[in-house]
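Here are two versions of the same chain, shown separately as structure tokens and labelled structure 1 and structure 2.
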Structure 1
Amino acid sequence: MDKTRNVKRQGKTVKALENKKDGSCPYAKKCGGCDYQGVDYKKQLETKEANVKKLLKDFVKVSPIVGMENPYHYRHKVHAVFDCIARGQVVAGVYKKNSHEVVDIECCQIEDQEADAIIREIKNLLKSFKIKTYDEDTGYGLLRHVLVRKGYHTGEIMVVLVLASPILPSKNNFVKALRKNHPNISTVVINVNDKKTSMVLGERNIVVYGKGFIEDKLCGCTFRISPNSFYQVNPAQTELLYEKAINCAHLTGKEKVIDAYCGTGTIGIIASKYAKEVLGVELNKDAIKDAITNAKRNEIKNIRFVNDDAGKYMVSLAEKKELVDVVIMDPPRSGSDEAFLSSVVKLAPKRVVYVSCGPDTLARDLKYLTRKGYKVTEATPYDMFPMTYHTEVVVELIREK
């Protein structure tokens, strides 16, 4: 077993591999985005699996981690910040750790290669179109960021040009030049971000080519991805994870299912084909709008979405003594809360499927549920983010009493 050490990530202490070395990625030292850079993939999986096993040892025998056959270039959402350095040289990539210096990245190991090629192409086109990159300090210049999103099954590509003002000179010719070598680009959107902010996207989108969104398929359902939509970045693994979550729900067509923390409704929409009815609850208003659009797009009639805090909403369901058969929950990394979990216990669904992106908060929440009459019957880790320390876990619980 390799030695691990505690490091701070996003304000939390996590285990990083001691034998981390800056291996084959030429940007690793400056970029710092991949915690497990240079570590053999098999070893990465072993470390992640061992961590989940340790955290869940009191609840269940954890199944082997589901890793990727090819752990490279899995990110279907790629973001590059643009800047200009000495002698007018344009750079595009990520901010160097803890700084505002842009690391110029030509090709990232975990990003989709076509997306990276599009970003390189945009870098080359800027000069001939006399488009200046935005300068954070002076507020001068136009192009701030480029966001590329690609459908996994459809191959449709959306390019979002984040500009400091709404006008892109010769925009039609720019799109034409860009699509010449990348005909899979199906839509180009200008996103206007005229604020002094570290947020990438502004509020206003102007469609300059195509429909303004792309579509992708997951588990047989179609989902719309707009510039601001949340959509899992690793669709290949997401499909496996969702399949597992739906299997753990053991649906027969008769169940009332809650999809809590539902995001854009993906899990609930897939589950609705196998359930009597589904109720999705989510805090983010824009995600709920997307969820409703997605349900319509798939002609699904037995699903409803509620824009509310999941805990608060579950309390109201528990007060009304609603009949709920299955709760599927996919909370953020911070996990769920007592309002939610105590209401699950009151509603007493026969099954709970917990999809977690934070194994430590998962362990905390499982402690609560297992003390209140639930038993963990299965737990499977998924590697959604190779080269990083993140791990997702799908857990099945059944009510014992």
Structure 2
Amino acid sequence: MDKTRNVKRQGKTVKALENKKDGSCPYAKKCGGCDYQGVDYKKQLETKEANVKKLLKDFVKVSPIVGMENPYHYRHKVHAVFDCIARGQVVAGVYKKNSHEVVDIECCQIEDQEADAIIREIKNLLKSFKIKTYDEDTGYGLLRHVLVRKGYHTGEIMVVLVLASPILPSKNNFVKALRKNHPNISTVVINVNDKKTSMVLGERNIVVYGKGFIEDKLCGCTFRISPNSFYQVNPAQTELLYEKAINCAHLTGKEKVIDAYCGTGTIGIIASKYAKEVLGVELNKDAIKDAITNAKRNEIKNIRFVNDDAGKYMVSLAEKKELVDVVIMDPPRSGSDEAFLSSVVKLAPKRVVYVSCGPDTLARDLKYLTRKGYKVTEATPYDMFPMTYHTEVVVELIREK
């Protein structure tokens, strides 16, 4: 089959997959990434809500889950691993569950469609530019992964080429060819990952085209997104989630707020519009740099950031008898730990807003906080990741006198 006919065939296949009306996914059995693939969306929401209610039944009456009007193509951060199989065929997609076998995916039901199209384009360009995919076993080859990030409100697109070497052959022509069909690409970055590791991104970034980052708007604020920045993958639901978290803080403009596990400062910067003072604490120094940049970009003057362990820093504030009105905490899926939770108790804020991406670890942490004088007054689950079992929950706690 000649190249033109092959491209046309691929185009028809992709279009057919994108327009499937029955909601089924042809990769479901191979991929395994979507736990609820093929399950009616209403049923998905009912299952997730029931799970949160079961976990939190001893603490509070859980509000109805907030789902999406359209639960498809919500991921605005898309990662594809590249490999080469029999007869030199390049594949790009995800690892098959519990393996390092790459499932070749033309388009995904939960990924942004433009991002998927860019990954397909890169796959098609590799042969003409004589770029070899990286082989994990031999360490031979160049292209390991491609990461595409897209601004939900701005439409700006960043393409990150994760290479085993900093040298991309004919890089300017490669970018020109890529942008020919995808002019919305505003920046292209080479990320160098020359180590034998399961980590996707390396530490070094080389800007090939554009400014090396994109921007997006969230709850009226503008945020810079760099290749290594943390930024929620579902911006539509994130806005609702963060608005709820701010509402649960009951800010009047007089409060001192701590944004613990603040990352790149998103929640704290949004909260700063309604508080007297916000202090963001984060252990990751690169995230703190992004947070400071984001605060300057939004001309926020009543927020500052500290690069430290949040728990230890809060204990030091308690020892100094610093008064804090609200603690907003957004820990990883593993939840918090007793050291951090005890620091919250010692600091004794009037209100705690817990944003959780792990309802089971949330229940464990609430058990500790409710024993130490806090009462759960509200809990609202959000479906941030349709087709998967993951659920986020915003919880409000108040200190009982």
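When a residue number appears, read it as a position in the sequence of structure 1, where counting begins at 1. Since the model is a prediction, treat every value here as computed from it, not as a measurement. Only the largest set of C-alpha atoms that superpose within 1.5 Å between the two forms is called the rigid core.
- The form predicted on its own corresponds to structure 2; structure 1 is the other form.
- When the rigid core is held fixed, the Cα atom of residue 373 travels 2 angstroms or more between the two structures.
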